[in-house]
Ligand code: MEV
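Just the one chain here, laid out as structure tokens, in the form predicted on its own.
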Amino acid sequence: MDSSVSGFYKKSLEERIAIIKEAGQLTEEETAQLKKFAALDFEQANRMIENVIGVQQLPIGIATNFVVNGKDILIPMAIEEPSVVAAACNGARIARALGGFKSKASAPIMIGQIQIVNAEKGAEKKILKAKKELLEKANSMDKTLKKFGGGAKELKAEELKTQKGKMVIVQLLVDVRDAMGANAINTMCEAIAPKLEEISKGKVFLRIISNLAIHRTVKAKAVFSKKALEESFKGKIRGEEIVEAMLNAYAFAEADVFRACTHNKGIMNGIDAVGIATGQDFRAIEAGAHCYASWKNKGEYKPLTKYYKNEKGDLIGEIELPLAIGLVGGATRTHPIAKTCVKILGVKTANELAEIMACVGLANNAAAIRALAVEGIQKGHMKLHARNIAVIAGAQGKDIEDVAEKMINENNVKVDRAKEILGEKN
């Protein structure tokens, strides 16, 4: 399968579905679900959350051109914002020229926290002496996880000074395999709480997973050749100039927290879109990523990516962030479209999915700073947004494309102008 599908955006729905069906080896039922544009009935939705009254849908687009660890991949992305899918495609196309993306996820170790208040002096040491017993108790709560090589692997305890006085915080480190891990970890934390109270002579309050998954990180890397960057502007701007402009943009983000925040938002545009398409807890992903951007730099918020030149003058992009995702449980197993999106990706493990998501984040970020540094973000964004403006103005059918094209050519993408063009047509 070749992910560099030429003119995918120009194809009809039937043509797009046919490509995805072949690439993902989808069944007739799965492709029918994609065409329905309303995958959840009431019974399905009511099993997922409480008090259901309806569904809120997002478009799912396909990011093309991706090569991840030597494999061509078509990537489903669910998002409402114009230009995000296009940016991912563009970033991947530029990276593709020199082999695409290399990515590697660490072991899926998540952290559970248990808060102990009014513990006696020296409780941390007593808790650590009972580590073996506590780990055994934790693992007894999920024998299936243990069977597949996961389970509680380590236990830590430390004193924490708070506005309410000293507390003892116990960390339970758990290999959650292909799960996101919240249910397994919360159950384990609750199971060992009584023993911790007995040892510490204190009172346990919170027993919950942490979304700052510092032990469950993903790294990805790509080389964006100056030649491919130059070609992306049809040779109108020298590749060396584009590389320097992008490095200037990165330097700005590295030095300024206000820019760094928006820089990282661009990364999460892509990561969240894949997460939503595959049924992940994207709020946990967001919280962990932004916190990691500060934690890793000792409290100073920084970009999750970095850029530099190689000896040939090409631009190298790298990303590192935590990604607590799963293929077991949650919406990934219950939502029919989420299951189909996972199948399209062809992933078998949570680590594989995490590696792809990190690459999408890097692709989106590279495409964004390329646009910002060279032509301004609005040109490409408003070009894709023009159709929405035309619809808001009342355009229908063929008029939508006609009005959008005229606004783009005039560089005047506004509702008032769209209405004027419609009036002229009528």
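Remember, predicted model here, so these are calculated numbers, not experimental data. Counting begins at 1, following the sequence as shown.
Below: the form predicted in complex with the ligand, not depicted.
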- [ ] Would you mind picking out the stretch of 181-189, 209-217, 256-264, 283-291 that comes within 4.5 angstroms of the ligand in the predicted complex, counting non-hydrogen atoms?
- [x] 256-264
Task: Heavy atom within 4.5 Å of the ligand in the predicted complex - residue from Glu158, Glu241, Glu81, Glu318 - done: Glu81
TODO: Have a look at Val68, Ala368, Ala63, Met357 for me and say which one sits with a heavy atom within 4.5 Å of the ligand in the predicted complex.
DONE: Ala368
Open item on the list: Can you tell me whether Asn269 touches the ligand? I mean in the predicted complex, with a 4.5 angstroms heavy atom cut-off.
Closed with: yes
Open item on the list: Against the ligand in the predicted complex, would Val374 count as a contact residue? Criterion: heavy atoms within 4.5 Å.
Closed with: no
